[in-house]
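Okay, here we've got a single chain as structure tokens, the form predicted alone, with questions on binding and movement later.
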Amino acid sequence: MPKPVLDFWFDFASVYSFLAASRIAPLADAAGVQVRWRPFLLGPIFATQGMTDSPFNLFPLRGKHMIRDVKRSADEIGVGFRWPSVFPQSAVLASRVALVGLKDTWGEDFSRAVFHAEYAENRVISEPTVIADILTKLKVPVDATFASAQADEIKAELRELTAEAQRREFFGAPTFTTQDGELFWGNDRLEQALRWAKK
């Protein structure tokens, strides 16, 4: 019997996506659920709602609480966390490279490494040198991967994933969707999403 499938929609600019990416693999394995990683961009979705910045920047009190909340959550699951000096960061390059890797065997490891660089090491993931360093550590050819990430089909795929997220009325990340169309929003809904996918 094939495993039930859960789609994990994430944006590298989303700090709660960082938390979900850090813990989804072992939880999904234990639940017997296959996870499909789906990078998309929240920026265009926020723009249609009249927002030109992250809600955590637009509403400072909410942002202050969020940083503390993420620190508690990161400590609880045993991952390092440093609030980045640049937030939010452009995720376009990292997302395109992730799509290349998700067609191969290294996409999930790359995605986790990008989140770690951004939210544990305070690195700027829009810088090609940062992405190149991650690829090198994963023993993935840098030049060939960058060339693939600039291909028209990869650019179109990221645009289509973002458009699909908008059509499905996503309003944040991470978002989890099941094969029957159920939508779960937020890192704290991961376990519930896995249970729903399994049933």
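Just count from 1 along the sequence shown to find any residue number. Everything quoted here is computed from the prediction, not taken from an experiment.
FYI, the form predicted in complex with another copy of the chain isn't displayed, but the following is about it.
J.: 29, 133 and 137: each with a heavy atom within 4.5 Å of another copy of the chain in the predicted bound form?
T.: No, none of 29, 133 and 137 comes within 4.5 Å of another copy of the chain in the predicted bound form.
J.: Which single stretch, out of 65 to 73, 140 to 148, 30 to 38, 154 to 162, brings residue heavy atoms within 4.5 Å of another copy of the chain in the predicted bound form?
T.: Careful reading of the contacts points to 65 to 73.
J.: Do residue 3 and another copy of the chain share at least one heavy atom pair within 4.5 Å in the predicted bound form?
T.: Heavy-atom contact with another copy of the chain at 4.5 Å: absent for residue 3.
J.: Can you check whether residue 52 is within 4.5 Å of another copy of the chain in the predicted bound form, heavy atom basis?
T.: Looking in the predicted bound form, residue contacts with another copy of the chain do not include residue 52, since no heavy atom lies within 4.5 Å.
J.: With heavy atoms only and a cut-off of 4.5 Å, decide whether residue 198 touches another copy of the chain in the predicted bound form.
T.: Outside the cut-off, so no.
J.: Just to confirm, residue 25 within 4.5 Å of another copy of the chain in the predicted bound form by heavy atoms?
T.: Contact check for residue 25: no, nothing within 4.5 Å of another copy of the chain in the predicted bound form.
J.: With the partner left out here, which residues of 177 to 199 have a non-hydrogen atom within 4.5 Å of another copy of the chain in the predicted bound form?
T.: Counting only heavy atoms within 4.5 Å of another copy of the chain in the predicted bound form, the contacting residues of 177 to 199 are 182, 183, 184, 185, 188, 189, 192, 195, 196.
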